[in-house]
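Take a look at this one chain, the form predicted alone, written out in structure tokens.
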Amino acid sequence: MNDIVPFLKQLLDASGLSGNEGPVQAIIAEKWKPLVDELAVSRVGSLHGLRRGTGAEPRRRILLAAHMDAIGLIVSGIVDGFLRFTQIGGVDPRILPGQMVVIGGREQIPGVIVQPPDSLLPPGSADRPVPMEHLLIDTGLEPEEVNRLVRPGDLVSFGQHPIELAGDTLAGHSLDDRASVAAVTACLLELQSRVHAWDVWAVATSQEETSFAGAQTSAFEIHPDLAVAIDVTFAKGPGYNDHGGFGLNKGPTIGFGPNIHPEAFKALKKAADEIEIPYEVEAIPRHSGTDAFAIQVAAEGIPSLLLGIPLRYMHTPVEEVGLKDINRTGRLLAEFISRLQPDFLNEISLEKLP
């Protein structure tokens, strides 16, 4: 398997908040260009890469969806040279004080998130997590310079660089879900040496964190016969070691529940078993909260699957993933795709269910 780590680090250093994915989209496009036959961008900013299959036309189509957008912040006001802000996507304010950020105004401006002393907070706020409305961003600039360079509506991204930790793990912001973009890329690299009958549509979706707009519109436009959403899921970690969490570097999870086509699930699970890829089945009893739901209900309905990459500290600037899980996910996707035959949809028809 090709080393995907340098590419993943490049993704994590790029901005690309939900609805403004342009910078990270350009990096993915450059990486995918030699791996696919066509590249295009949807009307809402999702990146579509088509790798044609070898089957007779009209060929079946499988869609691989991993969202490239990230959570972050947006400037909501300026007070005496300090920036007030609110969130884009789900951000826990408890982790914000002391974080390094980059403001995307007329220039890229570094800053730090600070909080007032307890004595300046509203009564009853002492010794508690400070609500986001009381936090500020300090750029170090004089108020006049801040007013010249920054406007309400400017985007604020986390500013930490990713770091490789011990045990084949990597920590950084935006691993949700750029780890999955790396897994799809690993799949495309693997497919360079494989024959596959179906057309493969690799899609880096936009706006998953805020609206699922990318997955909904890409699924409608491409109209695949089968789809696999790849996203992160909850890894075991401090305070989360029960059955709801999954081990790092123990393999991906294969989701099962109402968003998942039961017969396609069996086929994906069989592929993992036969090439001895470790995995765990993740029970998802309702809406998965991922692109899998948005794709499943697009058009007249699309048979969908969900692969999860375990991740610690979700929606923080220090998310952590196992690098083996990313490569295993890519390999499993490539194996599953290479097994797809033109009559596969007949084999998984829901009409066969009891």
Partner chain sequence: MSPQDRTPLAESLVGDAQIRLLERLSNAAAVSGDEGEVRRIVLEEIRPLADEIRVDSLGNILAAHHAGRENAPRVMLAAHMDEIGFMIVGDDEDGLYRFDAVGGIDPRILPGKAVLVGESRIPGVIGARPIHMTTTEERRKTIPLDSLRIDLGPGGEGKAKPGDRAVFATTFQRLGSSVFGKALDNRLGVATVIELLRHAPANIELLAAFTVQEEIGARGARVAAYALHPDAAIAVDSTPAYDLPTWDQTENALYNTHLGAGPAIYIADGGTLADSRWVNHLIAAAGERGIPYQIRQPGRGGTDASAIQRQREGVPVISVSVPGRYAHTPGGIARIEDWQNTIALLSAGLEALPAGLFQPAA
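Quick caveat: nothing in here was measured; it's all calculated off a predicted structure. Positions refer to the first chain, counted from 1.
The following text describes the form predicted in complex with the partner chain, which does not appear among the structures shown.
Remark: none of the three candidate residues (Lys9, His48 and Ala299) comes within 4.5 Å of the partner chain in the predicted bound form, counting heavy atoms only. Stretch 159 to 167 is the answer when you ask which of 216 to 224, 194 to 202, 257 to 265, 159 to 167 has residues with heavy atoms within 4.5 Å of the partner chain in the predicted bound form. The closest non-hydrogen atom of Lys31 lies beyond 4.5 Å of the partner chain in the predicted bound form. Although the partner is absent from this view, Pro278 stays clear of the partner chain in the predicted bound form, with no non-hydrogen atom inside 4.5 angstroms. For the chain shown alone, Ser125 is a contact residue for the partner chain in the predicted bound form, at least one non-hydrogen atom being within 4.5 angstroms. Although the partner is absent here, Gly98 sits close enough that one of its heavy atoms falls within 4.5 Å of the partner chain in the predicted bound form.
This chain lacks the partner; the member of Ala271, Leu189, Ala171, Ile88 within 4.5 angstroms of the partner chain in the predicted bound form by a non-hydrogen atom is Ala171. Residues of 110 to 134 placing a heavy atom within 4.5 Å of the partner chain in the predicted bound form, in sequence order: Pro110, Val112, Val114, Gln115, Pro116, Pro117, Asp118, Ser119, Leu120, Leu121, Pro122, Pro123, Ser125, Ala126, Asp127, Arg128, Pro129, Val130, His134.
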